[in-house]
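Below sits a lone chain in structure tokens, taken as the form predicted alone.
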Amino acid sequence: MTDNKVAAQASAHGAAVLLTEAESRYRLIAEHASDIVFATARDGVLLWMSPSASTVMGWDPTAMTGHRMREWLHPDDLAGWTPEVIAGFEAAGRVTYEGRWRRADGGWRWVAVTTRIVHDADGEVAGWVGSARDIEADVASREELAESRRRYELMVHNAADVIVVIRGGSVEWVSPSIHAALGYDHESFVGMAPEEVIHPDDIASMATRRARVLAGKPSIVRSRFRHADGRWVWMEAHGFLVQDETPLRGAMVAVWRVVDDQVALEGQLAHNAIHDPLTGLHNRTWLVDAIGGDLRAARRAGEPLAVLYVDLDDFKVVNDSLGHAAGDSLLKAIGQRIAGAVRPEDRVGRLGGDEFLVLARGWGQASEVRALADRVASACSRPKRVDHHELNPTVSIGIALSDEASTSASLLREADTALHQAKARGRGCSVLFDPTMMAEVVHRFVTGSELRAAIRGRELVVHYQPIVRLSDHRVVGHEALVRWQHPSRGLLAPGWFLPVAESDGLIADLDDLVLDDVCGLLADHPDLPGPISVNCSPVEIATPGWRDRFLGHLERRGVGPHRIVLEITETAVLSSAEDVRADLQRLRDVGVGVHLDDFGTGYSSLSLLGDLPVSGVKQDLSFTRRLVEEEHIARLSRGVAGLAQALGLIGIAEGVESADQARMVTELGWTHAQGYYFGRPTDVPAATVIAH
């Protein structure tokens, strides 16, 4: 053997050893790799598989040898392995794919496979070697991300809100909901500047908000957007700057929401907050605020502010007789008439109930304000037809003019005080406030407070004035008249406190006190001549349950109903409901007398005599005083006296203070009389006969 052959053999042996060592190292690496390493023949039959197949797939690598790899491919993945595809892989010498392999437990697992072709010494395809990596978690993450993206796209493309991406001052992308919101096509809106569709009056505020967003401060603004059909739509825009590392970094994202209905509702609520729902005029809340503002403006202009407090007269009668619907109709008409009688710059509102307020600036003289009040009163007094009834409304008006010391509260108080004066003067008139009126207000307040204490302390006492029969001057009864034994002012007549009692809600307690004293006197003096008459105020007889309270006093004291006469005014009956007349009839049925007091001072006297269950009538003292001097009054008096006799009623002439008046009423046909001529009211009932 030559040296060359020996050298060649040694070289070949060394290469074989190196190859064997290399194969051992590669197998060792493959056996310890986490990926599955495998080798197959050309036809795909598995020749060898690394032990990691057991960990990843639960396979026994030895048992898998001799099987074709396609046996554990998912059917959906296997469908793609056509002969043409395989031929293409062989030509490329490399295969890379993701697919599902069947696990030993029957489940499927996603793997990423990479294979390379292996050639023999002749360059022919001998088989394939490759690796498979477990990508189950990656696939799950990708699917979750894809599902999240699908949900996001679904929400974005179907959201009612409009999502807009703005970059460089123009729309880069907009959601399809732009069509439903503003009528624009998705494609045509891209590239537009938002200012092209924003109302000109709102562009400045929108620009301010955009600058805030670009400064990294999220912002919300409401603006009007032009719809594709030309109308304006209120939208609320929420904007923010994208600062995360995304393709949108540096872009402004806005969410536009249509808020037309919300804006309309808020507008309606704001309107309702300062407007009266019945008349549509401003309400008390707005008026009180407006007085303050107008007062400041009037001071700056060096002029007074006039406040007209307007009250609808006898509104309760309309409500009680015709119903609240008729009352509402009248109130709306009065509100419209007041608004129509003043200047456009004057303010008109409804304080509540039947009370309205007018605020007027620019009047230099009190006479001008009075003229304004006259116009308001004249406009309100036009006849108004409601439910086939013709009403002739009137209003009373209190006027106050501001000065340097005026406040909103003081002006309202002064106008209200003047209104009370207008009511006291007979309604249907206007009164301008003057400072002396406040003294009366203070008097009423103090009197009301003291009167409450007086009723509790029984400082009210009853005096009795005799009623005589004119034929023989015999006492046939008494009228109970209340007096106030004031601790510092002495004995006060009813004129001092009865109006306060009625206005302060004390009249019922006062009437109860008088009736209780009268019943106590009658119980203690069963031989007292004739009944005692007690007065009942209109407020009292309109109170539910008053009849039962009245009879209850008699029952507790054991007084027969025939010993009591109830005196009521015709005005009180006219303003009362039908159930009051039924109560009066019930009293007559049990024996209580009912006399119509102050007869002749009302409006429907003759009809009342026929309709009411009365047992007597009293001529008002204002007629008695005029009998001697005024012949026509005497003729009227004679007629009423004759009417009373014809109806079988007791006729009593009040206010007889002289012998001439006593003679006159006797000659005119009156059968009974009452007055200072026969006796003043005293705390003890009079004797049986009044001698003259």
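Position 1 is the first residue in the sequence shown; the rest follow in order. Here the rigid core means the biggest group of C-alpha atoms that line up within 1.5 Å when the two forms are laid on top of each other. Values in this document were obtained by computation on a predicted structure and should not be read as measured data.
Although it is not shown, the form predicted together with a small molecule is what the next lines describe.
Three-residue candidate spot D313, E414 and V431; no residue lies within 4.5 angstroms of the small molecule in the predicted bound form by any non-hydrogen atom.
Using a 4.5 angstroms threshold between heavy atoms, Q465 counts as touching the small molecule in the predicted bound form. Within this chain, V125 is remote from the site of the small molecule in the predicted bound form, having no heavy atom within 4.5 Å. Heavy atoms of D354 never reach within 4.5 Å of the small molecule in the predicted bound form, leaving it off the interface. At a distance threshold of 4.5 angstroms between non-hydrogen atoms, G183 is out of contact with the small molecule in the predicted bound form.
The candidate stretches are 617-625, 107-115, 213-221, 339-347, and the one lying within 4.5 Å of the small molecule in the predicted bound form by heavy atoms is 617-625.
Put simply, of A132, L401, V482, V318 only one has a heavy atom within 4.5 Å of the small molecule in the predicted bound form, and it is V482. In the core-superposed comparison between the shown form and the other one, the C-alpha atom of F225 has shifted by less than 2 angstroms.
For G428, the Cα coordinates differ by under 2 angstroms between the shown form and the other one after the core has been superposed. The two forms, fitted on the rigid core, differ between the shown form and the other one by 2 Å or more at the CA of E540. The Cα-Cα distance between D511 and A422 is lengthened by 3 Å or more in the predicted bound form relative to the form shown here.
The pair R413 and F497 is tighter in the predicted bound form: their Cα-Cα distance falls by no less than 3 Å compared with this form.
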